[in-house]
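Before any questions on how it binds or moves, here is one chain, the form predicted on its own, in structure tokens.
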Amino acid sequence: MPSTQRPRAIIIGGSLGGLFNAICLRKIGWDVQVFERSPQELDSRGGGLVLQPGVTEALHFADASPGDDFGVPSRDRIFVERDGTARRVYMPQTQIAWNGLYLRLRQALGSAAVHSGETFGSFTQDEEQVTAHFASGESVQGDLLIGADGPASTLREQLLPHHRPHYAGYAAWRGVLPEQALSQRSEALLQNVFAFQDGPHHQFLSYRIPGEDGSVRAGERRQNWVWYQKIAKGNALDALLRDRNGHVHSHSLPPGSMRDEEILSLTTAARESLAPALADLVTATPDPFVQLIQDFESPNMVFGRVLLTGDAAFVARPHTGAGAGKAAADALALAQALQVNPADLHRGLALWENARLPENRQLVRYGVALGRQIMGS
């Protein structure tokens, strides 16, 4: 069903990367159709994010301005010792919630452009168009096919079957809990700060984010925490990634699926290794989740009329704080390149790839360097 009036983008993946591509391309006049394999909205996934310039720039470009109450500001960074003492450095920034950004993007795009419960199968392309084929039997034609389906990208697997993310040897245990659930000592330590505790081969960090409903009012927000720890491939990692139903996940374990044995192991380690106010966060979180830390660099982002963007193209470690910002920057740069070259699609794509490849490679390698500093080589 090709469009006869406007160029069409078929976007695989309805998470942040796919939605950023959709709102930016729609702004320059494209018809956008987003296909997400999950039958439900993704607003319950993820934790906190540091607000990056790329995110706000893409939102402003697409006329989806975040407003003044988008995130929770922090004034200082504190570096906490095991005994609870802390060193303070003035370093203001703003933290947002993954689900808040996702819902804002969905609202800006509207529901008509998003097709849920559609699993991408394969594609064909020629000089004039590209066609995406789905497991449901539907086939959709367009001018571009954009892979924004994350680190485990199905589209990338077809384009680059011998290129896969590399496990870095450690994982991030994560959690989010209501501000009102904080202990007195946690609240006293963590007001208006971005907190770190470093130790041998691990790092813990925590910051305040908006509430589930987006509220930034005191008492209605949430506390996000992340704990990076080494875990080698093998039985221990397999056990960690095995959920309550016995299914072994490959890249992450979502909230609510961690087995009780692993939660007990996590809370025990927190009491042994973390400052009391930080350990309280871990022990008070009923549904922690896990993501493996990985690295990936795609050799290309453009394959004719097929593109890879966001984490489908480059996976940078979370220490860079740039996951959502990278996806937003890819989407904004693509829209701008196509806007400047409306009559020459392939020239626009070449300019976009030439600009984004070196920047994304540099970000991935910066993340590797940070990881080696934090976790040890």
Ligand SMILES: Cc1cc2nc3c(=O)[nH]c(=O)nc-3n(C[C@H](O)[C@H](O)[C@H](O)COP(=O)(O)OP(=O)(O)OC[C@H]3O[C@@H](n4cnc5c(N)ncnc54)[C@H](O)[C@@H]3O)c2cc1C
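Residue numbers run from 1 along the displayed sequence. A quick note: this is a predicted structure, and the numbers were derived from the prediction, not measured.
Missing here is the form predicted in complex with the named molecule; even so, the following discussion is about that form.
Contact between Thr154 and the named molecule in the model of the complex is found at the 4.5 Å heavy atom cutoff. Although the partner is absent here, Ala333 is not a contact residue: none of its heavy atoms lies within 4.5 angstroms of the named molecule in the model of the complex. Under a 4.5 angstroms non-hydrogen atom cutoff, the named molecule in the model of the complex lacks Glu262 among its neighbouring residues. In the model of the complex, Ser15 approaches the named molecule with a heavy atom inside 4.5 Å.
Residues of just one listed stretch (211-219, 238-246, 143-151, 71-79) have heavy atoms within 4.5 Å of the named molecule in the model of the complex: 143-151. The partner is absent here; in the model of the complex, the one residue of Thr119, Ser250, Thr85, Gln191 having a heavy atom within 4.5 Å of the named molecule is Thr119.
Here is the short version: of Leu349, Leu49, Ala62, Val32, the single residue with a heavy atom within 4.5 Å of the named molecule in the model of the complex is Leu49. For the stretch 292-311, the set of residues having any non-hydrogen atom within 4.5 angstroms of the named molecule in the model of the complex comprises Thr309, Gly310, Asp311, in sequence order.
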